[in-house]
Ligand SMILES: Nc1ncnc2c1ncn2[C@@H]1O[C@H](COP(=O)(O)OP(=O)(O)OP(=O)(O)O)[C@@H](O)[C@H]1O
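A lone chain, given as structure tokens: the form predicted on its own.
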């Protein structure tokens, strides 16, 4: 299964979701390939830290971009059970080619006005991809959600997300938690945190997203 994590807007937590999904999938016994298709190469840096620290299961990670993205993803993913692709937060040829290769795309967004606008644009991009990749499944997930109930942008973003034509809202939200940032720095997933540092809420959130993404795999 080829899963692309992307949005038209930067800063939505794509790499955090990509790395957590890839590791959890590997923990289930699958041979997972993590592709870094973001020019910032954050997933590559994460994988380097993970390798240096000797965390298991290990991840194979490689960077790709440009017009050959579709062909490279298809070719490289044949050697693995599953492939997770972290794509940069802009409308690029890399993003559009990745969507053509994907079985599924996960679109994270945060409850902000810029992200609300970005969801509409991403919905159009996914819609165009579906004309050539008819079996593409697309879901959105609200990420970096503040616990403050007074933030009304959350409700506005939910309304927009539920009204999109080409991207289904997963009904899942992921909180803005220190544990996610700690894991990125340490090269691990939230499911790998030491017992003394475990954040059960983040684990439940990420496992719920994992189950939604891979339920048909």
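Residue numbers count along the first chain shown, from 1. Keep in mind that what you see is a predicted model, and the values were worked out from it rather than measured.
This next part talks about the form predicted together with the ligand, which is not shown.
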Among 83, 130 and 137, does every residue place a heavy atom within 4.5 Å of the ligand in the model of the complex? no
Residue (of 30, 64, 160, 184) lying close to the ligand in the model of the complex, criterion heavy atoms within 4.5 Å: 184
Could you confirm whether residue 40 comes within 4.5 Å of the ligand in the model of the complex, counting heavy atoms only? yes
Within 4.5 Å, heavy atoms only: does residue 14 come near the ligand in the model of the complex? yes
Can any non-hydrogen atom of residue 25 be found within 4.5 angstroms of the ligand in the model of the complex? no
Is residue 144 close to the ligand in the model of the complex, meaning a heavy atom pair under 4.5 Å apart or at it? yes
Within 4.5 Å of the ligand in the model of the complex, heavy atom basis, the matching stretch of 51 to 59, 187 to 195, 66 to 74, 167 to 175 is 167 to 175
